[in-house]
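We begin with a single chain expressed as structure tokens, specifically the form predicted on its own.
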């Protein structure tokens, strides 16, 4: 029997296989024919097509804000990923655990289960993203001490306080990496009358993006289309400008963290002050974010060792644990 753990993210999908570790890391992007709906590429191959396809092909992300927006396409994408991982041995249908954002509706949960079964899974179980992320970040969630995990992905930011293996309180904010990219494209359009793509905005964010003064200063050239002339144009963007562009959305994230701390029971709040706040997800790599969170909250803030992999590694620990001791609440659903 094969066991897969899936971090089904808005930006990236990771698959952990029992006994092998993380075996797949691909963008959650699909390219399909506009008329027939036939999928022509998934993952990294499809990502290269974003913004560059002819009218007969569309390339897009089938998940938005951490949940499935295109059911059939998501199922086909997962099926391709399963095939890529399993190769010619896919005759053995795997048991799968998939992470979901905290607080999603029953309809959204059902969509994830159905898409995974449609992709070829024998059975599927769901695990909440904050729990998986905390386990993957190395936090001792089973102890009677409060731990705070902040997972900033592509579609959602999950802020959770965990104690005794359960979520004491959690807030899910649909402001994360994709919103920051949109903020950057909007800023460049307003200030320079130049339209750039989401991929270019993401490269700016990763290369010179910062949310705290003095951290990672620099400039970078970005190419786009001038709205006034319609011709290709190049503009030079400074890290200070990206800080200004991302300020509103980052403020929402920090306010969500503060609100969670304010609503945390006093004893657990004291534990968090001692243990600090753990940042995970791709957004944790944004330069200056730990400094900003510490400045606003007064609580030491750490970045997980492998922030991009925390959720997948957390599900992996559940799969690998003897008798599934870390996942007592995980129950599989079959067709």
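These figures come from a predicted structure and were not determined experimentally. Positions refer to the first chain, counted from 1.
Keep in mind that the form predicted together with a small molecule is not shown, yet the notes after this line are about it.
Under a 4.5 angstroms non-hydrogen atom cutoff, the small molecule in the predicted bound form lacks residue 113 among its neighbouring residues. For residue 177, a non-hydrogen atom is located within 4.5 Å of the small molecule in the predicted bound form, even though that partner is not displayed. Mapping the unseen interface onto this chain, residue 282 counts among the residues with a heavy atom inside 4.5 Å of the small molecule in the predicted bound form. Taking the partner from the other structure, the small molecule in the predicted bound form has a heavy atom within 4.5 Å of a heavy atom of residue 286. Just one of 303, 308, 268, 59 comes within 4.5 Å of the small molecule in the predicted bound form, counting any heavy atom, and that one is 308. Put simply, of 202, 241, 128, 249 only one has a heavy atom within 4.5 Å of the small molecule in the predicted bound form, and it is 202.
Stretch 151 to 159 is the answer when you ask which of 255 to 263, 120 to 128, 151 to 159, 183 to 191 has residues with heavy atoms within 4.5 Å of the small molecule in the predicted bound form.
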